[in-house]
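Shown next as structure tokens: one chain only, the form predicted alone.
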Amino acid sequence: MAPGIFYHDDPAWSDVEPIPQEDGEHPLAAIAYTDEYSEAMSYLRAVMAQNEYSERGLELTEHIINMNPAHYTVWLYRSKTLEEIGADLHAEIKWLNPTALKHLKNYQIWHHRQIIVNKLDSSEGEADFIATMLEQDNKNYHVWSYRQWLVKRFGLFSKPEELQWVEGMIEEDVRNNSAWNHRWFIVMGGRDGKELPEAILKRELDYAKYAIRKAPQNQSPWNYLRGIVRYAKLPLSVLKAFTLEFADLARPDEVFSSHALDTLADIYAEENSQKEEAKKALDLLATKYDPIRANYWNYRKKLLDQPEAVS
């Protein structure tokens, strides 16, 4: 094992009196920190107590983050130090990149990155780095959340490059629900409830249908398709002809998508004269195509008999 980094015999820290952690006389569950980590934290407490913002303090936070990247207080102190000493924020991004790749699921890294990029007032290079991160895990929640922050912060909703990028992610994995969620965000996120232009409405409906035809049992594009119809305040029946391609009650043994059957049930439920057809669709889901959720489908069936049926 490589030797650790210690400060008690470093002349650069000889003026600092470390402050050890105080757990009380009889801690119920004292954490067994390593000597290296305990000492580094004791020096950090000391410099924080003196409100010291310095290069050595920055190096200290880097050391601690390498040992424990989830320590939120250390990240806050690092951010404040960068500001106080006027550090090169481009250099900070260069340091963050391999750190994020090493700790893929760490929230604090992404919060810190937001702070730095916000101060830089530029998203240059961020798209390439996000692509690198998603190569490791294409559904990493923190990365997708950060991408949405970038879109909102720099007004990228209507940028064709953003739509092209997310289409590429969906083409790569049509079942990537994170990519579908991002598409919704960029198409709808900047609209503030405004009506969807006819050309965009058609584009989005066509795209979702295209994706469904590639993988009919994939729930994400079905949810997206229905969401578009709901946003446009259209009746669900506009999807009837398309839905019948995958689930037709006249051919109960040839259902290619339980999601299509679910949608068909809702379409029939909208039409008072078709309630029995809706029940047949729900029966098929409960008994044959999604029996693991039979209780849910049977509950939906009971709702159809109520005055105000809720899908």
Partner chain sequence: MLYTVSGVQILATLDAFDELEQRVKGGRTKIGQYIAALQDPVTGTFAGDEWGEQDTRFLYGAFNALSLMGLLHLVDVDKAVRYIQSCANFDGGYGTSPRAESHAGQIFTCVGALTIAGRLDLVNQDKLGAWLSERQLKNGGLNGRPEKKEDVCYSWWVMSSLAMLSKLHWIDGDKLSEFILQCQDPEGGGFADRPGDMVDVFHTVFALAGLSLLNYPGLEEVDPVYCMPKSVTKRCLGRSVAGGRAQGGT
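Residue numbers count along the first chain shown, from 1. Here the structure is a predicted model, which is why all the values come from computation and not from measurement.
One more form of this protein should be noted, the form predicted together with the partner chain, which is absent from this view; the next part is about it.
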Within 4.5 Å of the partner chain in the predicted bound form, counting heavy atoms only, one of 122-130, 93-101, 136-144, 164-172 shows up; tell me which.
136-144
Any chance residue 154 has a heavy atom within 4.5 Å of the partner chain in the predicted bound form?
no
Quick one: is residue 81 in contact with the partner chain in the predicted bound form, heavy atoms, 4.5 Å cut-off?
no
Mark residue 192 yes when one of its heavy atoms lies within 4.5 Å of a heavy atom of the partner chain in the predicted bound form, and no otherwise.
yes
Looking in the predicted bound form, any heavy atom of residue 217 within 4.5 Å of the partner chain?
yes
Within 4.5 Å of the partner chain in the predicted bound form, counting any non-hydrogen atom, which residues from 62-88 show up?
72, 75, 76, 79, 80
